[in-house]
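Just one chain is shown here, as structure tokens, and it is the form predicted on its own.
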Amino acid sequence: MRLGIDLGTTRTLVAACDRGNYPVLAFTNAGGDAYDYVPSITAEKDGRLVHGFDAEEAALGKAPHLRSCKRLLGRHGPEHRVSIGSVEVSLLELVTDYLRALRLAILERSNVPREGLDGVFEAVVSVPANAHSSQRWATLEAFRRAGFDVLRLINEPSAAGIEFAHRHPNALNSRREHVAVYDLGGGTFDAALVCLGGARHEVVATAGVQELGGDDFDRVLAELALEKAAVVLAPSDAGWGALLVECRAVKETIGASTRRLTVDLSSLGELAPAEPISLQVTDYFERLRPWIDRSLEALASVLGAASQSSLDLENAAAEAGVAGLYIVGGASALPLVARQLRERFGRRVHRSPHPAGAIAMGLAIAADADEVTAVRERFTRHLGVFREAESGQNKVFDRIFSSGTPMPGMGDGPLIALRTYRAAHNVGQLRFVECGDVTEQREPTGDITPHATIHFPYAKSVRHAALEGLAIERLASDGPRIEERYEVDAAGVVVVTIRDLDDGFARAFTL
């Protein structure tokens, strides 16, 4: 069976390929209630990890738990270790275990058609557009370890563009074959300009904010309620997690006609006021405006607006030949989002009828053999490595792949970049980062994500030694000729092979 799986920060959604239809699957919790998602939460129960609805129930019973591990994966990488109660695991192990539970839930707790179900799941899965290489690799690896046959990895806004083209084919024409995607999820924001002409979908430009989404909106509401109640509470204090759950539930009740919000602080115990806190929804929206403005700045950048400060998105869209702006993502359901977009973008705003499920549905469309579409992605940030300059007196940033560089499509060979030099030290210590921009002084700036440092033995005498912690020494004479070969696949995963060209010794590393 073919599926589209949107592994979200707060919720995971799954859509199925069903004879030209792409329904979002419903899952039942222990009480028999059906939901169109599985919560992205893990808890420790009796010394083992439980996930999804079981973890949600355990968390309500005060069990140690972890939400939004996707944010941690983007921030720290797959080998970062976390503790949940008495259990300590790497983020890769955690995501893998969650996906094993998801696979079991699809088989046993979903409304997937049982006829002919053999447990073999071919899936197209998504990552944020600005996900770094190690996050992409970890996502693929976790799905494969969990028993899914991953057909391809697609950026979230690209999947939304596929769903838009399927739902609104008449909105596109020869003059307007682009769609701007505004994807505001639980933990990340992505904007993309996607060309939907012909059978190939090409991402023209992307931008994003690594940590901006519904989780932040929940926190803003919690802080506002605590201010009104004159209660001081830190995120590390008991009761904070339960308060965020309450604020998320209150946020999701907000409609176009909502005027007041009521937040129950009883989970704070002795700190709780006698009565629930009542707030004006306008006060809440005012606190959120700076967050929405950050998303609009990213959207303006992908449209190539002449002046991002003016955010004249409607004119920018017309100049870019944009058929429409497509709003997706669970957090975009907040009325303030569509209101601000319509004020600044004009009449071309299309809000998905299933904003939370649009990405999963787009992934399922891409997974369908009869509907498969070629998608060509681009680097959303610069990838490079720090190197010595001026005989070790200075450091410079060597940009390997620039932001906007097209990635290979499915079936294409890898994108390749080469660097050659003579080694000057016994051990190479390469520090890779991805960044939003590079200054004229060749320094990374903006949103900077470091990768794990790679060590390579240049000198033959240290080839079998433990390199981490080994003293790095300058060689007395010229060292061997070294080649760095960088290969990027269609999923955006970068592998570097470092080779001693004099004797052929080589090692490969996934960034």
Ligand SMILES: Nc1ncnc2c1ncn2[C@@H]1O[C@H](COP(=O)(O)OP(=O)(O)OP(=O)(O)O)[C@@H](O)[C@H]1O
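What we label the rigid core is the largest C-alpha set whose atoms superpose within 1.5 Å from one form to the other. What you see is a predicted model; the values in this text were computed from it and never measured. Numbers follow the displayed sequence, beginning with 1.
One more form of this protein exists, namely the form predicted together with this ligand; it is left out here, but the text below deals with it.
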Query raised in the report: in the predicted complex, which of 331-339, 157-165, 81-89, 427-435 comes within 4.5 Å of this ligand (heavy atoms)?
Result: 331-339
Report summary line: In this chain shown alone, the residue from T188, T380, S352, Q135 with a heavy atom within 4.5 Å of this ligand in the predicted complex is T188
Query raised in the report: Looking at the partner-bound form in the predicted complex, is R219 within 4.5 Å of this ligand by any heavy atom?
Result: no
Report task. Spell out, yes or no, whether the shortest heavy atom distance between C17 and this ligand in the predicted complex is within 4.5 Å. Result -> no
Query raised in the report: With a 4.5 Å heavy atom cut-off, would you call V488 a contact of this ligand in the predicted complex?
Result: no
Report task. Report whether the minimum heavy atom distance between D215 and this ligand in the predicted complex is within 4.5 Å. Result -> yes
Report task. Just give me the residues of 242-269, first to last, that have a heavy atom within 4.5 Å of this ligand in the predicted complex. Result -> R248, K251, E252
Requested in this report: Inspect the rigid-core superposition and answer whether the C-alpha of F285 shifts by 2 angstroms or more between the shown form and the other one.
Outcome: yes
Requested in this report: Once the core is aligned, please say if the CA of D218 is shifted by at least 2 angstroms between the shown form and the other one.
Outcome: yes
Query raised in the report: Once the two forms are fit on the core, has G357 moved its CA by at least 2 Å between the shown form and the other one?
Result: no
